[in-house]
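In the form predicted alone, a lone chain appears below as C-alpha cells.
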Amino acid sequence: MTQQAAGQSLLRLSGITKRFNEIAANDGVDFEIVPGEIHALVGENGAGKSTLVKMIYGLLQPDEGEIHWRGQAVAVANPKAARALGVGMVFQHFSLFEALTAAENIAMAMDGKVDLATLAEEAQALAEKFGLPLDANAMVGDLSVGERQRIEIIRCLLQKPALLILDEPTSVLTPQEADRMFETLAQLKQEGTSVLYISHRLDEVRRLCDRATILRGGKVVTQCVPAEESVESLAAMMVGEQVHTAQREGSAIKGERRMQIRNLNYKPLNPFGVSLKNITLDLHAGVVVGIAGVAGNGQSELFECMSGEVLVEPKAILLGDTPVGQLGINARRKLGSAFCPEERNGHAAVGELSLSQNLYLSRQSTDSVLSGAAGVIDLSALSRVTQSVIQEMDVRKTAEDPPAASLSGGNLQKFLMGRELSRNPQLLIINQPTWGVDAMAAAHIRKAIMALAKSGSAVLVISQDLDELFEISDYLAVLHDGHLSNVMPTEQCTFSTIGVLMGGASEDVA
C-alpha cells in the first residue's frame, strides 16, 4: 500500500513545460510520486515520457515549472545532482563496457574513489538480497542481456535511491526473468523505495503498478489505478480511441518455399558476437514464422546473414532456387526480398537525411519509377511514394519531409516498416518490428505484417516480445546461443515452453 493517504510526496512536478523549437514535448505537466509506490508512466510514442524523465534525472532542464523533492523546490542540474538527491535510472539501452567486468562497470558509475574488491563484495551481497544472480567478476561481453540488465539495476541500487526509474525494463527478459524482476520490485517497494515504471506492456502495468499517469501529446490526460482497468481501456486512454489488436485467422496454408537455409554456420568478426551453428529453416509464402529469444543470442547475426549484410557459403541460403549466400543486399532485393533491421538510426536509416532520401537509399536498385532519364532521380515520384508511406502508416512529423532523426523512435519505425511493406515483397525479414512502439502503432504494424503474409508473401519476424509473436506468428522457433530450435505450430506452444527454451533448456526438457 502506498503512503499517498498520509499526504507525503517524494517527487512532485508542477507545470513542467519543455519545448524544442515550436514543439512542446511537455506542456504544463503536473505529476507526483509518493514513497513506497510503483507508479507507471505510459503514453504513445512522442507523448513526452522520455523528455519528462530526462528532466527528473537532470539530462534536460525545464523551460517552465518546478520540480519538488521531499517538499522542497530543487534544480536538477545533471545526473550527478539527481543521484545526490536519491534518483537512480536504468535506461532502456544499456551503457556498459563489454571489455570490463561487472564490478568495473559499476565502479565507473560511482561518485568518488572506490575500492574495487569491496565494491564487488557489496554488489554480490546486494544481488543476493534482491534475488538478482550476479558474478561481479564476470566479463560483461560474456553475459546475456538479462545479466547485463542486473548489473545496471545493482549499479543503481548501490547508490541507495529513494526513486528508481526503469525504462522498458522487461523488453530484454524471458518471462521467467521478468517474474524474478517483479519480485525484486515488490521487495523494493516494501522497503520504501519508489519506482517510476515506463513500459508499453500494459499487462505488466496492470499487474505491477499502484497508479498510472497517462501522457498524450505532452500533456497529462488522466491518472488511474491500473488494476481497475483493462489492457484495452489503458490503451484507449493513451491514444484517445479504441485500439483493435491484430487477430490471426487460424493456421495458414503454406505456399511455395521462398527462402531455404541449410546448415548455416557463421562466426562473426566481433569478439562479443554470437556464432550461428547449423541453422536450418524454410520460409513459405503465406506464412509468418516468429523467432523468439533473449537479445544477444544470435538474432543480429542471423538477420545479417539472411539480408546479405554478411556473406556465407553460397548454397547455405537460397531464394527460390537461387543460391544467394554470396550475394549482397541489393541483389537479394532484386530477387523480391525486403529487410527491416532492429537499429533504426544508423542502420535502417541515416538520421541526417530526409525521409524521402532514406526511402530512395533502400529502393534505388529495385524501383525504376524513382529514376528518370539518364539515372536522374524523379523527385516528384519520390515525394509521392514517400507521402504515401507516411499516410498509410500514420507517421507523425513536424515538417513535410523532415530528417529521419527528428522523428520519435516509434514514428521512425512506422516509416521504415512502411517503406518495406509498400514494395509488396515476396519475402520480408524483420528484426524487432515494434521495438519501443506504442500500442496503436504496434497494432498497425502487426496488422500490416499479417496482411502481407495473407497476400502471399513469406514473413520472418525476429522479436523479443512474446505477446507479439503469439499474436501474429503461424509458426514459432527459439534462438539460443546461436542454435535454432525446431519450428513449431503456434497452437502447440505456450509462453512457459517458449520461455524455458529461451533460457537454454533442451527441447526434450521443454
Partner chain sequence: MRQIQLTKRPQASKLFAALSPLLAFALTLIAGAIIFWLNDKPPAQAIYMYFIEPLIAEWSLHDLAIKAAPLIMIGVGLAVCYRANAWNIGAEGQFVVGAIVGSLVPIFWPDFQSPLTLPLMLLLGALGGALFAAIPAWLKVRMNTNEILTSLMLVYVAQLLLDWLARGPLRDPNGFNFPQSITFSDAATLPEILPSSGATHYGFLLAIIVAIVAWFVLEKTRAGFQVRVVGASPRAGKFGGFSGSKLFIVAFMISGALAGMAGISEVSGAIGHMQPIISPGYGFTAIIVAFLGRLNPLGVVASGLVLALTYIGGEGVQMMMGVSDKVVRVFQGLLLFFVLACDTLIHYKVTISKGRG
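Residue numbers count along the first chain shown, from 1. All of these numbers come straight from a predicted model, not from anything done at the bench.
Beyond the structure shown, there is the form predicted together with its partner chain, which is absent from this document and is the topic of what follows.
Practice problem: Please determine, with the chain shown alone, which of 289-297, 112-120, 159-167, 322-330 has non-hydrogen atoms within 4.5 Å of its partner chain in the predicted complex. | Solution: In short, 322-330.
Practice problem: Mark Val225 yes when one of its heavy atoms lies within 4.5 Å of a heavy atom of its partner chain in the predicted complex, and no otherwise. | Solution: Val225: no contact with its partner chain in the predicted complex.
Quiz item: Does Ser362 reach its partner chain in the predicted complex, with heavy atoms at most 4.5 Å apart?
Solution: Ser362 belongs to the contact set for its partner chain.
Exercise. Although its partner chain is absent from this view, report whether Pro62 comes within 4.5 Å of it in the predicted complex, heavy atoms only.
Key: Although its partner chain is absent here, Pro62 would touch it in the predicted complex, with heavy atoms inside 4.5 Å.
Exercise. Look up in the predicted complex whether Thr398 has a non-hydrogen atom within 4.5 angstroms of its partner chain, and give yes or no.
Key: Flag for Thr398 set to yes.
Practice problem: Note which of Gly346, Pro133, Gly71, Gly192 lies within 4.5 Å of its partner chain in the predicted complex, where distance is taken over heavy atoms; exactly one does. | Solution: Of the listed residues, the single hit is Gly346.
Self-check item: Candidate from Val221, Ala186, Ala99, Leu379 lying within 4.5 Å of its partner chain in the predicted complex - any heavy atom
Solution: Among Val221, Ala186, Ala99, Leu379, a heavy atom within 4.5 Å of its partner chain in the predicted complex occurs only for Leu379.
Self-check item: Those residues of 294-308 which, in the predicted complex, come within 4.5 Å of its partner chain by heavy atom
Solution: Counting only heavy atoms within 4.5 Å of its partner chain in the predicted complex, the single contacting residue of 294-308 is Glu304.
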